[in-house]
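First, one chain by itself in structure tokens, the form predicted alone.
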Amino acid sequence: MGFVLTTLIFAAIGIIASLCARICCNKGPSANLFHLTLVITATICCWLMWAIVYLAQMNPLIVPILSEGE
């Protein structure tokens, strides 16, 4: 899967989780804003961690050195 496709998947999961938090935890405007902020922050943090790992594999800093026997 490509970078853009997985980014869209993360966005869709974030939207679905936001809607679920809005529907399931409807306790007033300030609580809804707090829940929405938590869901969006968690989605962005998970996406950022995935993106760093994904991009780090494209250009590794340490090149594997093979011995002549392998």
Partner chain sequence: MMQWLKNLPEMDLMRSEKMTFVQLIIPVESAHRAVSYLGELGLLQFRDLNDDKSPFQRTFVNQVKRCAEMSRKLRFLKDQINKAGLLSSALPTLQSDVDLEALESQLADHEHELIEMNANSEKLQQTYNELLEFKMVLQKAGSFLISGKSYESAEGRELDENVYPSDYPESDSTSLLEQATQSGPSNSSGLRFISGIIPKSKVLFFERMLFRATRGNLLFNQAPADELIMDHVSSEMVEKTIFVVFFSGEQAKTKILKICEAFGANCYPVPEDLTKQTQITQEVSLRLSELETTLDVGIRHRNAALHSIGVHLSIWMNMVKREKAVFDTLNMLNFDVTKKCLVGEGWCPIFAKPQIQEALQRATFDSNSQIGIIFHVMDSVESPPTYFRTNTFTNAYQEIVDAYGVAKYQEANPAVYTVITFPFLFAVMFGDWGHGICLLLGALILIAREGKLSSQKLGSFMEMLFGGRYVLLLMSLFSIYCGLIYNEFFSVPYHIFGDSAYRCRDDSCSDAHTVGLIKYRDAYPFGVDPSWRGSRSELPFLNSLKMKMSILFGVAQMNLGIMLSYFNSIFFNNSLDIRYQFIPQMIFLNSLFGYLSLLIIIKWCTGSQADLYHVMIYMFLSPFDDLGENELFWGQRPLQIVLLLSALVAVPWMLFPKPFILRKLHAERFQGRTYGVLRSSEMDIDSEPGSARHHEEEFNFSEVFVHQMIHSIEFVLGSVSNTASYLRLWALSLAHSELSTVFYEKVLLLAWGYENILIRMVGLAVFAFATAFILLMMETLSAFLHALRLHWVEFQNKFYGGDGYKFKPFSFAALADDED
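This structure is a prediction, so every number in the text was calculated from the model and none was measured. Residue numbers count along the first chain shown, from 1.
Here the subject shifts to the form predicted together with its partner chain, a form of this protein not shown in this document.
Under a 4.5 angstroms non-hydrogen atom cutoff, its partner chain in the predicted bound form has Ile52 among its neighbouring residues. The closest heavy atom approach of Leu19 to its partner chain in the predicted bound form falls outside 4.5 Å.
Val4 falls outside the set of residues with a heavy atom inside 4.5 Å of its partner chain in the predicted bound form. The shortest heavy atom separation between Thr41 and its partner chain in the predicted bound form is within 4.5 Å. In the predicted bound form, Pro29, Ser30, Ala31, Leu33, Phe34, Thr37, Leu38, Thr41, Ala42 are the residues of 28-44 with at least one heavy atom within 4.5 Å of its partner chain, listed from first to last.
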